[in-house]
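First, one chain by itself: the form predicted on its own, in structure tokens.
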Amino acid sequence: MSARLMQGNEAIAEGALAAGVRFFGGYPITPSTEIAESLAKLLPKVGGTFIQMEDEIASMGVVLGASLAGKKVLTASSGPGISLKQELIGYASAAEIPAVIVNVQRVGPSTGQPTAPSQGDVMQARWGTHGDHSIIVLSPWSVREAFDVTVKAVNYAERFRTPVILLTDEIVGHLRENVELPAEVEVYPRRTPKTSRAEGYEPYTPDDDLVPNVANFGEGYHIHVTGLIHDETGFPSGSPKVTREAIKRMNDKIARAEDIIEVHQEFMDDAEFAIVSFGGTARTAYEAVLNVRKRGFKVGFVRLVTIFPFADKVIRKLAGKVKGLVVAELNFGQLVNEVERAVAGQCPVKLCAKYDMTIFEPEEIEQSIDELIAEVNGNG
């Protein structure tokens, strides 16, 4: 297949189609609108459905309804819209409804700076909805990876029957690159009941991987779906035992799946220091690492593709090998708190933050690396 000049948002739409998404419900919002525009054109060509709703709350509702009816679904928005979706993201977590929510981040809070890049929604992605829920959050750094990570997001939503957040940013969303997309991708199918008998069927009985095989609506099974804590029948329960077991299972089904934690590392064999980053900022951080290494400093590069579940073991092991870490992120400081928690005092962690609606220049990240090296070596 020949290379195509493509925008990150367009690659997300193509990845969704390749993974089997056949329903999109959304509402236009900068800087994610190209995802909706692309799917409005492409979905009808493959027998899919595109619908623009009256607001972000309704758009989240229709994708959950379509998912329960058996469709693979995706919605896309940015910070303010993601805020409106939170109640139904929580509902999807509790009812175990597969759905992919794309957040093309922009400056906030509130309306913020609609066209400016940011990475200020990291903690919203993890804890935006209330309660002890788990979540999968993925973040690409290139146009091709936007395609690949979207496929993974759809597959993980189906595999774990959970909402998955694709946390990209304006940098990657509006970046254009020549990419060659694969002709075929690995697709995880919708889970189906282990029994053909509708009588006595309990939709929320978990499989060995702790994930239930809930039948699609309209296939002859009796199903009850609720956001209330429920037992294996799907009906609400006021039992402390059922509540404890349900919450633990919904968290454990994701926590135990370490194969979904993806971290890319370079120059770590000889690294004395390292920089941790993700998304669009990682592109600048990579150039900063190259520049610093040219000056003779042994600095490694660590990029998180899976933001949550957080790569605790990887970061903890890394902290035991280096003299210090720099965390570069386009916000006031969010991911750095997770890094510090995982490091647990093994080495210094320095934040390189930017939140003035402009992207990083390599020199800004290099300065933070230089300052950390000087501090650790007693020259600061």
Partner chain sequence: MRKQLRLSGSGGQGVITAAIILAEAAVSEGKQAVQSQSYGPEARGGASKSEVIIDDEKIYHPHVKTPDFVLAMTQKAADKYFHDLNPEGVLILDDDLVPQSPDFKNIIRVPITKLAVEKLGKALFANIVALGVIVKVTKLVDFDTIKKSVARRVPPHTVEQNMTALQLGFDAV
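Every value quoted in this text rests on a predicted model; they were computed, and no experiment measured them. Positions refer to the first chain, counted from 1.
Below, we refer to the form predicted together with the partner chain, which is not included among the displayed structures.
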* Pick from Val149, Ile171, Leu88, Val211: which has a non-hydrogen atom within 4.5 Å of the partner chain in the predicted complex? -> Ile171
* Structure fact -> the partner chain in the predicted complex has a heavy atom of only one listed residue within 4.5 Å, and of Arg176, His130, His222, Lys248 that residue is Arg176
* To do: Would you point out which of 176-184, 292-300, 306-314, 150-158 contains residues with a non-hydrogen atom within 4.5 Å of the partner chain in the predicted complex?
  => 176-184
* To do: Mark Thr192 yes when one of its heavy atoms lies within 4.5 Å of a heavy atom of the partner chain in the predicted complex, and no otherwise.
  => no
* Counting only non-hydrogen atoms and a 4.5 angstroms cut-off, does Gln334 reach the partner chain in the predicted complex? -> no
* **Partner contact for Glu363 in the predicted complex: the partner chain, 4.5 angstroms, heavy atom** => yes
* Asked: So in the predicted complex, does any heavy atom of Trp141 sit within 4.5 Å of the partner chain?
  -> yes
* Triple contact flag Arg4, Thr30 and Glu287 to the partner chain in the predicted complex, non-hydrogen atom at 4.5 angstroms -> yes
* Which residues within 95-121 place at least one heavy atom within 4.5 Å of the partner chain in the predicted complex? -> Pro114, Thr115
